[in-house]
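As structure tokens, one chain now follows by itself in the form predicted on its own.
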Amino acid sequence: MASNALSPIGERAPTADEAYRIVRDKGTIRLSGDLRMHDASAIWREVRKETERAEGSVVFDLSGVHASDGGVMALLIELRAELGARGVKAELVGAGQRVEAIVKLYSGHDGVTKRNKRRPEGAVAQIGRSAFEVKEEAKAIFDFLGSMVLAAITLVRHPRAGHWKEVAPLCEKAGANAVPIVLLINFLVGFVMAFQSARQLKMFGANIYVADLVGISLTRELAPLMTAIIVCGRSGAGFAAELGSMKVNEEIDALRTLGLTPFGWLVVPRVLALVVVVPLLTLIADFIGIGGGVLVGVLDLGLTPRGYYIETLTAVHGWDVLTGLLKSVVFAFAIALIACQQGFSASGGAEGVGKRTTSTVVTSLFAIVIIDALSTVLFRAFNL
């Protein structure tokens, strides 16, 4: 059994019945003998007691230690870290060759790490990091697109492998339940556009041309764009959250275990649902948006509903409506693809699902704007 003499006077080596000895001499704590694991608890208590009121610096002198177990050395390193956190510099010195190997093994000579002050990221670094993240995100989306195309080809060959019963409920969630908000937003868009242009049109006596302005703007551009934004924030985020929760709960892995393909079971039905319902919502948005223009034309510009209707038919052609519907199909595909990809990439529990849901909305909006700009330029280049 080990015994301890904690007096700095009369230092001596441990006797035969002592396994170790601890002696404090001002700022130096001398350890001698064998520091074995069965004495670790006692050593820990005594050394901590000797360093409770330590200030400035403390030196652990290991010159008298013949052998040490790794567990005891780990405790000494931990104590050194505690002292460092209190602002007390602690060092392990004087170890013999055998003990020195244990000290190095446990990084006993490494200084107490100080938390480096975080330097603010520069503007150029932020731009570079954001560009790299966009590149990686785009690569992941295109990889996901390739996997989905392969899954779609497999479903064409083996239709029973798909979860087709899920398409109708998804259409209801993404389409029918979104009708009220689509009606309200697009009605207000048509109303505000007509109201803002009313004064300028009155100045030139061109009141009737409000029908041209509202009709063409809504059918070709605003109705599909506003509808896609609504679907992105509503259905896209919902898809990402739903699939993300399934991913972190390992439900997607369970589908694979059952021999079901996650793409055919989860992704393709959602893509089909949005591709079907978004053009229909866009068509409804065209009519209700024109209705908002009619209200302004009748109440503020002195037009009749019939006159407004005839002018709209004269200005708006079938290709204008079809252009908006084609855009809405591409928007729907992009939203569904991005939402599913983000959901499948979720990890880390609820926090990871939340991040992916937010990323879905941001990435989808970015994709919608890019697609809209490219399609507009393309149609203009071919005079469509």
Partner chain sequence: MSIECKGIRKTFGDFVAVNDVSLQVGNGELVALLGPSGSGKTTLLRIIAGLDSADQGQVLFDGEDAAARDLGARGVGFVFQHYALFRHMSVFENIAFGMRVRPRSIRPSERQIRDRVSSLLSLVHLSPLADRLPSELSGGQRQRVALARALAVEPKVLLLDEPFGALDANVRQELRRWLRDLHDQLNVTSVLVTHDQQEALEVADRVVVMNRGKVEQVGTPDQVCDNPATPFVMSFIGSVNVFRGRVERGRAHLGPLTVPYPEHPGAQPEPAAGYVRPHELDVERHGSNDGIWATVKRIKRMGAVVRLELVHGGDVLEVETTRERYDALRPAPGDQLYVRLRTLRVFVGAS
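Rigid core (definition): largest C-alpha set, two forms, superposition within 1.5 Å. These numbers come from a predicted model, not from an experiment. Residue numbers count along the first chain shown, from 1.
The same protein also exists as the form predicted together with its partner chain; that form is not shown, yet it is the one meant from here on.
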Considering its partner chain in the model of the complex, find the one stretch among 187-195, 256-264, 151-159, 69-77 with heavy atoms no farther than 4.5 Å from it.
256-264
Ala178: heavy atom within 4.5 Å of its partner chain in the model of the complex?
no
If we define contact as a non-hydrogen atom of the residue within 4.5 angstroms of the partner, is Met246 a contact of its partner chain in the model of the complex?
yes
Can you tell me whether Glu100 touches its partner chain? I mean in the model of the complex, with a 4.5 angstroms heavy atom cut-off.
no
Give a yes or no for Glu136: in the model of the complex, does one of its heavy atoms lie within 4.5 Å of a heavy atom belonging to its partner chain?
no
Checking Glu251, Asp300, Asp212, Glu82 against its partner chain in the model of the complex, the residue with a non-hydrogen atom inside 4.5 angstroms turns out to be Glu251
Would you say whether Ala350 is displaced between the shown form and the other one, judging by a C-alpha shift of 2 Å or more on the superposed rigid core?
no
Align both forms on the core first, then report whether Arg36 has a C-alpha shift of 2 Å or more between the shown form and the other one.
yes
